[in-house]
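One chain is shown next in structure tokens, namely the form predicted on its own.
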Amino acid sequence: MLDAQLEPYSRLRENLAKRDRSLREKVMSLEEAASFVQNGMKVGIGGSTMSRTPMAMIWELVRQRREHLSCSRCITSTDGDILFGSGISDHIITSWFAQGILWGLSKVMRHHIETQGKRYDEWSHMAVGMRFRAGGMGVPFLPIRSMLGSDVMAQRPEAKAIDCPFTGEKLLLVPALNPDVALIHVQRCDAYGNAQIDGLQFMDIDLAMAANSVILTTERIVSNDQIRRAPDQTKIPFFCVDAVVEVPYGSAPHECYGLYEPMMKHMSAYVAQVNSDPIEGMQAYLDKYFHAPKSWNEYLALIGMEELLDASQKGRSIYND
């Protein structure tokens, strides 16, 4: 099945020209930011595996019962379970889809792919990144080597093998990936959307450049003066960003480097529950943690203060060491 992600360059330029790139305050609630994501859209998700996952934004989209989202992420973890299990997504583009290194392949993913008609497009890790980079550069493709000779290449008819016109060597062309909206979680940003990222950046900078709109969730909003004191740490500039939402512990139960580690007790209980019954176990988890809480703070309360504090202590210890 061919990947229907490419748009003519002229249309991408038209969309770019229409965006409001002025220096203005963009702070809003999760509910308001969710309005940028409409049914059937292509959604890019920042972070990687269990790192800086924009979980609060995913939580809100599940609560608002979005449908038919096509989601792309460099490496997918339990966020993919939630996207499929909640019904908001029926297509995921990624390089690896599991519940995490500790727990292995997702039974929720297998259930939805094998019996429910959901679609999982596997690419190499480099290929996903280069697709976002091509999208950010405004070019229709970029050449890579990483999938040549692999079985992954055989699964992706969208990628085209060519002979390099300069060297004659084999290259693989991967098509640009331009999400309609990107969801990215950061440690801090100002009200305008100037975002600073500690630790690994993953593919978030290219994703922000490739997407037609960007929703930033952040652990805290800081002053523009503070951002200007360390300009080298600003990885995503304001003119890429359309919404800013302050959400402490916005990656929970995943981790946010320097602030908190994954909430392993919660994660282990989750995996045991959904793997024992990928249908009823998943629905019970969604009912308790996504649909029942009236706010993100109530969601965090269900995870538990003890677990949040333990994750915070471990996160700060790693950062300070």
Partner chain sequence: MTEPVRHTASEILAILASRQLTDGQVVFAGIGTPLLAATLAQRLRAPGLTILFEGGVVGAFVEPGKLPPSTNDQRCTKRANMVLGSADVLLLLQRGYVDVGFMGGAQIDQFGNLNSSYIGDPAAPKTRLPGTGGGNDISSLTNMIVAMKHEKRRFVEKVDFITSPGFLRGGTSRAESGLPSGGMFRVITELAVFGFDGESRRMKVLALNPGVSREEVQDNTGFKLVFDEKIAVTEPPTEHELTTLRMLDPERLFTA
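Numbering follows the first chain given and starts at 1. Only a predicted model underlies this, so the values are computations on that prediction, with no experimental measurement involved.
Same protein, other form: the form predicted together with the partner chain, not shown, and the subject of what follows.
- Message: Partner absent here, but in the model of the complex, which of 27-35, 290-298, 47-55, 64-72 has residues with a heavy atom within 4.5 Å of the partner chain?
- Response: Single hit among the candidates: 47-55.
- Task: Although the partner chain is absent from this view, report whether E255 comes within 4.5 Å of it in the model of the complex, heavy atoms only.
- Result: Flag for E255 set to yes.
- Touches the partner chain in the model of the complex: K235 (any heavy atom, 4.5 Å): K235: contacts the partner chain in the model of the complex.
- Query: Does P278 reach the partner chain in the model of the complex, with heavy atoms at most 4.5 Å apart?
  - Reply: Contact with the partner chain, no.
- Query: Does the partner chain get within 4.5 angstroms of any non-hydrogen atom of G199 in the model of the complex?
  - Reply: Yes - in the model of the complex, heavy atoms of G199 and the partner chain come within 4.5 Å of each other.
- Query: Since exactly one of M130, I88, V247, A243 fits, which has a heavy atom within 4.5 Å of the partner chain in the model of the complex?
  - Reply: None of the other options qualify; the answer is M130.
- Message: With the partner chain taken in the model of the complex, which residues across 211-240 come within 4.5 angstroms through any non-hydrogen atom?
- Response: The stretch touches the partner through A211, N212, N224, D225, I227, R228, P231, D232, T234, K235, I236, P237, F238, F239, C240.
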